[in-house]
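Only one chain is shown below, in C-alpha cells, and it's the form predicted alone.
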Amino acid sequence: MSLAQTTHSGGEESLFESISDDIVEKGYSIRLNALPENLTSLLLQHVIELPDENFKRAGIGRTKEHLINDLVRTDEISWITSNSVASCAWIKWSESLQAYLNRRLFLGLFSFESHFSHYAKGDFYKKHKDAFKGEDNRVLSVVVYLNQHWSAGDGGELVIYDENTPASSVVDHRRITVTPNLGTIVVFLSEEFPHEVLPARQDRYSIAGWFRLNNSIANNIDPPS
C-alpha cells in the first residue's frame, strides 16, 4: 500500500473542511474516530512496537529552560521523524492538513513537529498552554489518540478550558472533556486554550503535534521543543 493510499482515503477533504470550520467557529475541533483507518492502524502498530528506550521523560520549557518537573507532567515522549512507514504516513497526512488550512484560513503555517506520548498508569499533565501570546510560534496544536477499547474508568481524558465561554451555574461549558479513543483528532489554537491530561489508569498512547510559524533569525529556523 502506498503512502498516498494510506493518507488520502476516508474523505480527507471533508474532514479537513470540518476541522477548518470548527477552528473558525470555536477555535477548536474535536473529531471522533476521524483519522483514516489505514493510517490509524499503521500508527497503532508502530507505537505498540516502539522499544521502551525510544521514550524519554517529557519536560517543560524549551532549550536551556527545559526542565523535568514531576509536579507538572510525568509522561514520556518519542519525537517523530521519517524513519518508518508509519511515521512517514503521519507526516504526509499532517502536511496535507497544513496545506489545506493555509489555503482555507491563510494561517501561514510553516512547519510541523510531533511526538508519540506514553502515559503509564498514574501519569498526568497539569493545566498549561502550548504557547503564550508573543512568546512562541506555535499556532495550532494537534492531538491524535491511539488507544483501543478505552473505557470511562480508564481516565487519561484531555480537558480543554474554553475561558471565552460565559460561566453557568447549571452546566460548566468551559470544560471540554475528550476521551482518548482510537482515531479521535483534536485541533485547537495553541495560544487560546489551557488544557490538561487527567491521570491515566492504564497505558495511554497518543500523538501530540504543533503547526508553527517561521521565526527564523539570521537564516536559522526556530528549533523544535
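Everything numeric here is computed off the predicted structure, so don't read it as measured data. Note that residue numbering begins at 1 and tracks the sequence as displayed.
This protein has a second form, the form predicted in complex with a small molecule, left out of what is shown; the following refers to that one.
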- Using a 4.5 Å heavy atom cut-off, are 73, 143 and 210 all in contact with the small molecule in the predicted bound form? yes
- residue 158 within 4.5 Å of the small molecule in the predicted bound form, heavy atoms: yes
- Message: in the predicted bound form, is there a heavy atom of the small molecule that lies within 4.5 Å of any heavy atom of residue 130, even though the partner is absent here?
- Response: yes
- Message: Since only the chain is shown here, I'm wondering whether residue 90 would be in contact with the small molecule in the predicted bound form (any heavy atom pair within 4.5 Å).
- Response: no
- Message: in the predicted bound form, does residue 197 come within 4.5 Å of the small molecule, counting heavy atoms only?
- Response: yes
